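The chain below stands alone, shown as structure tokens; this is the form predicted alone.
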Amino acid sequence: MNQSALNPGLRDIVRRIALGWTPAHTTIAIVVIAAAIGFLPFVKMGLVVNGVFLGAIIALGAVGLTLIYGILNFANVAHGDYMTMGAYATLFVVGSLLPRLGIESSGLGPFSFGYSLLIALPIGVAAIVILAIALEVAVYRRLRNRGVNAVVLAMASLGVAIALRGLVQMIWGGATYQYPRESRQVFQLPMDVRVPPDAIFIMVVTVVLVAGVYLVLNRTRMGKAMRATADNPDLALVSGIDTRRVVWWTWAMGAALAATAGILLAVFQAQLQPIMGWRFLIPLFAAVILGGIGNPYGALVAAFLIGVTSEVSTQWINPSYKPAVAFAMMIGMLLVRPRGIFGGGRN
């Protein structure tokens, strides 16, 4: 049996790093670490901290994206637009639905948002989960049943992405929306590091959700079924595993992580745009490829690496080039180690 793309153990992760690791890889690793240490005195620590929080958002989207690839073996180009839809759905609940029900709130404690966002967040996530499963039933499953390959599925997801973006523009227009928020003081740390309370909220949500994914994959019957399906779908089917249910769970988890990432990105940036998820797609795919395609733990580590590197790069280049930094890291990894840092299961 092939090695599972979602094999959970830390021992397996270490072993995957060792597989195929040559002296050339060791030399490259030493050079990268030495360069990072050498640049440290010239880097603003505030950018490093901001990069960690940005990496947390990238991590949620990338883990969801690599889960979908691990089970369905295709790159979901619409993943970034699931983020956008999640953010806009939550904005609708916060700005329109809850006020009609008499539920309005200002800043919650040190945060810039009120408790209405905490109510709206699971509603927005649930809406995107339903949307993702509906698209699976209406589009992707029909295509798979016709025997199309992964490239056709990816092109279909591109069409879905364009359609979702058009739907957002039809409903909300192309203008930039601001999330309801109030100004709050930031926590002032040494080395001129400023940490807004919202960023702490983002990190806590990320840790909770990543821990939840870990528990589902490693401590539940469905998680075992997902790993078996990722390893060998045909064998899983003849073994009595309900692969259709596994696929639905995969879409639910991937869409929930994407929607949450979109909501947190809107909170982090304090604004929404119809193309926000599309712009975020390059960092997501870069994290998936850098960490090893189909490996959620690799995507998690790579997401923080990309977040910090992209944010630190703004000290020398225009911030609009941050996606280019992520793209360069992705290309560099493909040239040096095509299977990624952790050697993903399917390439």
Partner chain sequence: MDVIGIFNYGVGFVIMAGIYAIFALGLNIHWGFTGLFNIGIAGFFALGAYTAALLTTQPPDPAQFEDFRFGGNWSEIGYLDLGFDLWFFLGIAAAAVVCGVIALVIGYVTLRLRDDYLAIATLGIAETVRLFFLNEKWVANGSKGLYRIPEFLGHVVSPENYDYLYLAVVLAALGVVFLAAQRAVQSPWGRVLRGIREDETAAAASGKDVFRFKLQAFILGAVIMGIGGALFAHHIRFLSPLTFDPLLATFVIWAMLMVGGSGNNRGAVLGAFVVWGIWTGTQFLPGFFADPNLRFFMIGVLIVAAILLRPGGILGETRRIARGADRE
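Positions refer to the first chain, counted from 1. Model, not experiment: these values are computed from the prediction.
The same protein also exists as the form predicted in complex with its partner chain; that form is not shown, yet it is the one meant from here on.
Although the partner is absent here, Asn149 is a contact residue: one of its heavy atoms lies within 4.5 angstroms of its partner chain in the model of the complex. Contact annotation: Phe268 falls outside 4.5 Å of its partner chain in the model of the complex, judged by heavy atom distances. At a distance threshold of 4.5 angstroms between non-hydrogen atoms, Val94 is out of contact with its partner chain in the model of the complex. Among heavy atoms of Asn73, some come within 4.5 Å of its partner chain in the model of the complex. Proximity to its partner chain in the model of the complex, defined as a heavy atom within 4.5 Å, singles out one entry of Ala199, Leu143, Ala126, Leu98, which is Leu143. Think of it this way: in the model of the complex, its partner chain has a heavy atom of just one of Leu117, Val160, Leu272, Met85 within 4.5 Å, and the residue is Val160. Heavy atoms within 4.5 Å of its partner chain in the model of the complex are found in exactly one of 253-261, 204-212, 117-125, 167-175, that being 167-175. Contacts between stretch 295-324 and its partner chain, counted in the model of the complex as any heavy atom lying within 4.5 Å, involve Asn318, Ser320, Tyr321, Pro323, Ala324, listed in sequence order.
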